[in-house]
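The form predicted on its own is given below as one chain in structure tokens.
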Amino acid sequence: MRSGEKKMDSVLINENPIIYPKRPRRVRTDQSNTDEFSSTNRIRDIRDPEHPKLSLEDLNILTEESVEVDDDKSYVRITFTPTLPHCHLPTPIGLCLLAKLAQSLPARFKVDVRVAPGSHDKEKTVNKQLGDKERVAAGLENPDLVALLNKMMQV
């Protein structure tokens, strides 16, 4: 670390985030494991990297409406909304969503994760990174990033 730099995880960008009430979990009425319901349940408890006691759902970063599944086309799209337009962690959040769904969905599914339109200052850059298979693979080989993602996925 260079002189004058602060350790990244010791600086809170959003010190007082708005915490939203959790929606009640719906009761499963069929046996599908590849619809919006099951996909949302796979990722709703992922922890925010800046506020590890809060989930992405608690902060309204992720909602049930932000999950789209087309079982016939084997396609899942997650559109998440960072808490601030200048949030410094949308890429790790997106990578965590990708990793969690890749671990839990059948291999036939293509997962597309993106920042909600107009919700972040670097929306295009983040979406480009999350859509680039080589960048995602490189990120998932970074031990520090993998450690962060594992912390985010602990429930």
Partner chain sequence: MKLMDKNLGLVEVQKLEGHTDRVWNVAWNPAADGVLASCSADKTVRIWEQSSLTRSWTCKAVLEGTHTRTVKSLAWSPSAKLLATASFDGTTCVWENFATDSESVSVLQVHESEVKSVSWNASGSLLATCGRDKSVWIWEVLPENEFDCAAVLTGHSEDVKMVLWHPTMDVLFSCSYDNTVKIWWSEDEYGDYNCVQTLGESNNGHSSTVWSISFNAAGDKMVTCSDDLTVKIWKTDISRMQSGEGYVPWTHVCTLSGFHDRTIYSVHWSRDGVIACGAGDDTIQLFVDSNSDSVDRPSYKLLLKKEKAHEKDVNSVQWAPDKESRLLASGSDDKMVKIWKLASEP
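Residue numbers count along the first chain shown, from 1. Remember, predicted model here, so these are calculated numbers, not experimental data.
Although it is not shown, the form predicted in complex with its partner chain is what the next lines describe.
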Assert contact_stretch over 63 to 71, 50 to 58, 126 to 134, 85 to 93 against its partner chain in the predicted complex, heavy atom within 4.5 Å, equals 126 to 134
Out of Ala147, Leu12, Ala138, Ile18, which one falls within 4.5 Å of its partner chain in the predicted complex, going by heavy atoms?
Ala138
Is there a heavy atom of Leu101 lying 4.5 Å or less from a heavy atom of its partner chain in the predicted complex?
no
Answer for Ile46 alone: is it within 4.5 Å of its partner chain in the predicted complex, judged on heavy atom distances?
no
If you check in the predicted complex, is Asp112 within 4.5 Å of its partner chain, heavy atoms only?
yes
Going through 67 to 105, which residues have a heavy atom within 4.5 Å of its partner chain in the predicted complex? Please give them in sequence order.
Tyr75
